[in-house]
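Take a look at this single chain, the form predicted alone, given in structure tokens.
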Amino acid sequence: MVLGAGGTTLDDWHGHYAQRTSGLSASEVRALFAVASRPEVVSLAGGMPAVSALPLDSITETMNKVMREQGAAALQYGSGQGLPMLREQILEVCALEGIEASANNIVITTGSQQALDLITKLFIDDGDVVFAESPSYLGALGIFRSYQADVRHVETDESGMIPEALEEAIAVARADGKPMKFLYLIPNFQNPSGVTLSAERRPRLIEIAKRHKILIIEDNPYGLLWFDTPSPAAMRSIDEDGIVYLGSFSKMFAPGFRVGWALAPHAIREKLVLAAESAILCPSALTQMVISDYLATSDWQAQIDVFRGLYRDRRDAMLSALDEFLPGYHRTEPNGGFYVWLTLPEYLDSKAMLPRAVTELVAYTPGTAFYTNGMGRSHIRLAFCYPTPEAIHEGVRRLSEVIRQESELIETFHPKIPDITQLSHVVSPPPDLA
């Protein structure tokens, strides 16, 4: 028996938890961190930025400068909405996505993850419907579950969410008598699929949402990390009133500072500030000041170019390795961001296969992490952002060996399964990414 503080057992409080905590569970990515951190394991699992490409000496000097010149203010409480100077600078970042806005409608948060949590807290009652891509970001799904939302996945393809599928999902939710609160999207280099919502579909989805009075949450952490051509203008550049835009410095700079933001219509912004103050009083003044000084004194757009080149090389290494070791397997070809979405034969279960992969010293994220309805077993998210090209090549080689072993094992018990040498001819795109 495991004892807690004061001699109580860990189960003594089971009946005391709020009902909504039933939606709290460890993410499949979080469970992988302990394994993936081992040096002998090639991790294709976590979406960790390559912070080693940053000018670390310069950032250290920026931090020292902030403490020398503004130390007392940096260590004090601040505004619940965030530093005015940083909010003005964020407008320059948003302008690169085609967004014109007022700094007054920006709320600084502890990463965009907190912004999404606050928005969900503001809008979701038990059983309310949230529409999300199929597949969708596991961190968002965890938040939605924690507030007991009814998540409805909407079919996507290589051009992003399908407008007609959204119309159908709305009709079903309405027939079910369910309140429909918002549509959650990652339009650019989506996590986990890597696909980008086409410029043609963006206004169509906005029109559908407006017609049905559904708020759009546009989550855009990867938008500036394009490789060959810029992503389309942000959806927020088309509509100011029906969209809450989420941004972050985690991918374009460094996640350790934990600084993100929400750009919201005025009424929602006021509620967000109140919710943020209730949750944390104020975001960290120190990290905001460091980022503000970095934006003011460094060529941060040149640094984004450095990241683009680095991630492009690693994307190319990933696609090349997949072509070499898993020829014919369907995978997405992202034009930016961190991820490739791989489709396995239907008889393979990516979640059940993971222990074998760990034995072979390679880690990935099973597709089930990105659904709330049990789908995704024949899919894998592969992250190319952190490993070197050489490590990516070796990781995919190890993964192909895992797939071969698993397929041979299944073939032993199910002789009708195609021979492993023929798999490249039988794998087809999944229905939701066809």
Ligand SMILES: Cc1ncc(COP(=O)(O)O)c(C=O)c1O
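When you see a residue number, it is the position in the sequence shown, counting from 1. All of these numbers come straight from a predicted model, not from anything done at the bench.
Below, we refer to the form predicted in complex with the ligand, which is not included among the displayed structures.
Under a 4.5 angstroms heavy atom criterion, identify the one residue in F123, Y137, F307, W226 near the ligand in the model of the complex.
Answer to the contact question: Y137.
Among S292, Q113, S237, S231, which has at least one heavy atom within 4.5 Å of the ligand in the model of the complex?
Checked against the cut-off, the match is Q113.
Would you check whether the ligand, in the model of the complex, lies within 4.5 angstroms of a non-hydrogen atom from each of N191, P221 and S248?
Yes, the whole trio is in contact, each within 4.5 Å by some heavy atom.
Taking the partner as it appears in the model of the complex, which of 151 to 159, 73 to 81, 164 to 172, 251 to 259 has residues with heavy atoms within 4.5 Å of the ligand?
Flagged stretch: 251 to 259.
Report whether the minimum heavy atom distance between I186 and the ligand in the model of the complex is within 4.5 Å.
Result yes; I186 sits at the interface with the ligand in the model of the complex.
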